[in-house]
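The chain below stands alone, shown as C-alpha cells; this is the form predicted alone.
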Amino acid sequence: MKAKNIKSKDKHILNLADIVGGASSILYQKEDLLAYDCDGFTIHRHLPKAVVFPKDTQEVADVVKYCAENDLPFLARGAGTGLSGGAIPLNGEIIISMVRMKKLISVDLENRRAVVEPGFVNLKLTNSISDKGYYYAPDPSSQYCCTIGGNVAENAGGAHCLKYGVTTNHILGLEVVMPNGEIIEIGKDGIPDAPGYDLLGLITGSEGTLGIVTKITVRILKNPEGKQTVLAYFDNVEDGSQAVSDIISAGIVPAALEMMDKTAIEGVEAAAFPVGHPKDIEAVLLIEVDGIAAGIDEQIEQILEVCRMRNVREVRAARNEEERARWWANRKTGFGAMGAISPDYLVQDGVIPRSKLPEVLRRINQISEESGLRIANIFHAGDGNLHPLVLFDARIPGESERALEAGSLCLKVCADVGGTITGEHGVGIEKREEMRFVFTEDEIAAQTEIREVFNPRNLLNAGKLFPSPSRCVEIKKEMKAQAIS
C-alpha cells in the first residue's frame, strides 16, 4: 500500500493517503497541522484533521468523493492569504491544499485568454506574459503570493479594480469539483456568455462553499501604451477625499486611486519600503492613469489642477518608472506594514459611496477614540472600498475582543451610509453576523437555499459566509418541509 509509511491507525488518514499518492502528500500529525490552523485572519485558530495535496483534478474529485461518502467535512485552501477566515477549519475538516496544482496550462494571445490551475500565483501570470505585451489585471496587495484559485473564491480585487473590475470581470471559464465529487465545466472553451443562469458569477465569490475550482480560464489584457502615476499630499483627509470625488467628476477614470491616512503612512514608512512621506502629513493620494499614450499627459495635468484646487501641500508625477515602482511597493505592503507599529492588527473591508468618505472617516475616528485602539485607514478611494486596520495587542486580555467589536462597528457605519460589509476580502467567519447589517433574514435564507442546491449536506466549508439562522427562519423551513411531505 502507498500508505505503508503512515504512522496512524486512523483508517481515513490511510485511505486519503492512498488517494493522493502516499505519505509525502498528506499531513496529519499535530506539529505539521499547526501551520494550517488559520489563514490571514489570525484571531481564530482551529486544527484540521489532515491536509492532503492532490496533484490534479481527478485526485481532488477522488478526495471529495471519499469525504462525502464518509461524512467527513472538508474545504479547499490556496495560499492562506485570505483575510476573513474562509480557509479556517472550524469542524476538524480535511483541508484540500491546491499548492501542487500550480501550472500555467495554456496562453492564447489571439483570443486574449489563459488557462491556469488554482494554485498558480496571481503575479506569476503577469510575469509569464509581460514579455509578450500582456498582463492579468486583478492585483490584490498579496498578488506576489496569493493564488488565482483563492482569488476566484473571494472575488478578489486590488488597487486597479476602479478601472478594470474585480476577479469576476476576468473569469471566462471554470472547471469545478462539486461537493459529491462530480467534475463539471462552466463557460466551456472560454465562452462565458452562454444562455442561462450566470453560474460563473455565482461560483466566483462563493468563498469555497459551492464547489472546488480546479481549472480557471482568465481574460488577459494588452499592456497599455502609456502609464503615469501622481503622488499628492494633503494636510487634512477631507481635502484629499474631496479631490477623489473631483477627479472622478472631471470625467477622468484612473486605473487606480488610492489613499492612506496618517497612521497608515506611519506604518508604511516604518516598514520595508519607505519613500520619505512627510511625518506630519494627514493623507496621501496615489493616482494612476493608463491608456493611449497621447492622452496621458493631458489627464495628468487635469489631476494636478484638481489637487491644487483642494489645498494640496505637494503634488507631483513620478519622474521615472523606478520612482513609480517605489511608490507602489510602499502602498502594496500597507497591510503587512502595520506589523512595524503594532503587535497585531485586524483588517476590515467595507464599501461606501465616495461622497460619504469624510463622514465615515470621522465616525471611524470616533470608534478609535471610544475603543482606545488606533485605526489606520487604507482605501481604494476611487470606488469607495475602505480598509480600516484596527491595531491591537493580543497579549493584553480583552484587547482582541475590543478589536473585533471596533471592526464590526466600522462595518456598521459603512452599511448605515448605504454601503456594504465587504468589497473584496469576503465574509468568511469574520463577518457572518454582520451580514445582517445588509440583508434581511429572508434574504439570508434565500442565499443559504442556493448553497443547499450545490452543497446539500453542508460538508464543504461549513460555517462560512452566512450567520446562524434565526429561529423564525428555522420555523419557516420546518413548515415548508412539512408542506412538501
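Start at 1 and count along the sequence shown; that's the residue number. The structure displayed is predicted, hence computed values, not measured ones.
Quick note: we don't show the form predicted together with a further copy of the same chain, though the next part is all about it.
Visitor: Within 4.5 Å of a further copy of the same chain in the predicted bound form - does that hold for a heavy atom of every one of Asn111, Gly205 and Glu424?
Guide: The answer is yes: all three residues contact the partner (heavy atom, 4.5 Å cut-off).
Visitor: If the cut-off is 4.5 angstroms on heavy atoms, which of these, Lys65, Arg451, Lys49, His46, is the one near a further copy of the same chain in the predicted bound form?
Guide: Going through each option in turn, the one that passes is Arg451.
Visitor: Which residue, Glu401, Asp280, Asp198, Glu369, has a heavy atom that falls within 4.5 Å of a further copy of the same chain in the predicted bound form?
Guide: After the contact test, the surviving option is Asp198.
Visitor: Using a 4.5 Å heavy atom cut-off, state whether Leu465 contacts a further copy of the same chain in the predicted bound form.
Guide: Residue-level check for Leu465: yes, a contact with a further copy of the same chain.
Visitor: Is it the case that Cys38, even though its partner is missing from this view, gets within 4.5 Å of a further copy of the same chain in the predicted bound form, heavy atoms only?
Guide: Close contact is absent here: in the predicted bound form, Cys38 is far from a further copy of the same chain, nothing within 4.5 Å, heavy atoms only.
Visitor: Mark Lys262 yes when one of its heavy atoms lies within 4.5 Å of a heavy atom of a further copy of the same chain in the predicted bound form, and no otherwise.
Guide: Because no heavy atom of Lys262 falls inside 4.5 Å of a further copy of the same chain in the predicted bound form, the answer is no.
Visitor: Hey, in the predicted bound form, is Ala256 touching a further copy of the same chain, heavy atoms inside 4.5 Å?
Guide: Answer no; every heavy atom of Ala256 is more than 4.5 Å from a further copy of the same chain in the predicted bound form.
Visitor: Quick one: find which of 323-331, 95-103, 369-377, 294-302 has residues within 4.5 Å of a further copy of the same chain in the predicted bound form by heavy atom distance.
Guide: Result for this chain: 294-302.
Visitor: Let me know which residues along 349-368 have a heavy atom within 4.5 Å of a further copy of the same chain in the predicted bound form, or say none if there are none.
Guide: If the 4.5 Å heavy-atom criterion is applied to a further copy of the same chain in the predicted bound form, 349-368 yields Val351, Ile352, Pro353, Arg354, Ser355.
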